[in-house]
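Just one chain follows, in the form predicted alone, and it is written as structure tokens.
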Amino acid sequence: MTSSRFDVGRAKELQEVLASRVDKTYEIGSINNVVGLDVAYVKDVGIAVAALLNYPQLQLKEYVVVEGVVEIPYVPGLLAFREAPLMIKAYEKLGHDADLVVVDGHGITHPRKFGIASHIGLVLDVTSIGVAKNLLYGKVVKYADGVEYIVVDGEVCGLVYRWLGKNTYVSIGHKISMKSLMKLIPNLYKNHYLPEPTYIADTISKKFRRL
């Protein structure tokens, strides 16, 4: 859909339908490969990066860059329709199956519980999580265990993770339980306040943006 034909109401309805297909009970087994996905822009051209890292070392093994004109406008809560197509192309071009995909964006901490991380996870049928710099939707509640959870409509959908003095907002994307998410998250951060997979993808995308 181009910007002139983008139907916001229809897009929201689609998210509401697809949200029921998100798997929030899946317990992750062994992890060998993790892919970080991010997009940078030069005017109306999107530069999507899929960065493949080994796990648990989190060392870059391979990356793919895909560029394309982005015609869908930015609408809060509908980021997936703008950025997911390029991210998916970059992932598929890698030619490797990831045990986990980390997306720069939100998962089910979303007005319709279907953010870009859920969208990508469902389309690719992979375990996905969303990690964002800011809270999009829901409220942060500190439970007795000391963890700050993100609650949407009474359901725990993610958590606030603090690393190197800064917060990131982490949420279930697809095919992952809160239990697995909480075990996994501390292992994704190294020398930056963002998780290593999306930090590397972001760094590469900005490098290509400057070329």
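Heads up: residue numbers just count along the shown sequence, starting at 1. Fair warning: this is a prediction, and the values are worked out from it, not measured in the lab.
Just so it is clear, the following notes concern the form predicted together with the DNA, a form of the same protein that is not shown.
Using a 4.5 Å cutoff between non-hydrogen atoms, residue 63 does not count as a contact of the DNA in the predicted bound form. In the predicted bound form, the DNA sits within 4.5 Å of a heavy atom of residue 76.
At the 4.5 Å threshold, heavy atoms of residue 135 reach the DNA in the predicted bound form.
Contact between residue 39 and the DNA in the predicted bound form is found at the 4.5 Å heavy atom cutoff. Here the chain stands alone, but in the predicted bound form its contact with the DNA, taken as any heavy atom within 4.5 Å, falls in 40 to 48 among 53 to 61, 146 to 154, 40 to 48, 173 to 181.
Taking the DNA as positioned in the predicted bound form, the residues of 104 to 120 that bring a heavy atom within 4.5 Å of it are, in sequence order, 104, 105, 106, 110, 115, 116.
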